[in-house]
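Form predicted alone, single chain, as structure tokens, below.
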């Protein structure tokens, strides 16, 4: 008896969901990121305006001065949706756990130069409060922002900032326990060197325009603070035998490099949209970067001494060049 097996191929009538197909075309398969991002936010059939802000709809484009023809143009170059984000962060945290296990097993976080340990307690541990502030700002961007392309990435950033605060807290516990964290809180609340930064963070909480808040947090503040603390401050620590500190803060260095790609892509696309957008971005960048540079100077002088002003000026110059590459016109360029 002969058995003949035939195969039939069935062609899909549609490659993706209708809302995505309307953007990409019905014959083009969509990526998981595109399916998890495009048009997820409701834009019609709102039943009532929020009682806490009756001037706006629940999702409202007019909460910012930035205008986009399509808010879904502000895509994440990392292609993060929930699945890819959690996988990536899980891998990064595995490296953090290994570094902490190595450092804690050998007591490396409490056996280097005592004088520098006191300095680390002063300059690094209070940053957990700053990271909590960044978490609050990113949460507000999720709440006020328009379009899932940017709000879901901002939500991932909220969790990142919380995770960084926890890493810093863990460093403090390894250095001296809960009393060390209490001391760091006292520095944040009372030390003169920290008060300009603390005031800046608290002022950022009440910025009405969420896109201005985005510029202030992810470009101006992070753009100067991270290379200062995890670059220049850390370099001095290496000279004092605090190499283990570099190990357990490597997450922050890698994270800043990654998050900058997202922030730069968003800002570059927004700046390319219109002259009006570029005007607002330039104004916000100039105001907040000047404030950040001024606020960081007392802390930098405490750690770096007389070279602090020149180092901050160099970091500012690098940040200005980065802003110009994004299409943000800075005052020096305007004057020229």
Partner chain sequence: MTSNVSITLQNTDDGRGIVAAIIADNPEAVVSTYPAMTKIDCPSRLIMNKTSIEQQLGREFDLHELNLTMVSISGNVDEDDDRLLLMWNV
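What you see is a predicted model, and the numbers here were worked out from it, not measured in a lab. Residue numbers count along the first chain shown, from 1.
Only in words, not in the display: the form predicted together with the partner chain, which the text now covers.
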> 24-32, 303-311, 57-65, 271-279: which one contacts the partner chain in the model of the complex at 4.5 Å, heavy atom to heavy atom?
Replying inline: 24-32
> Looking at 185, 170, 78, 240, which has any heavy atom no more than 4.5 Å from the partner chain in the model of the complex?
Replying inline: 78
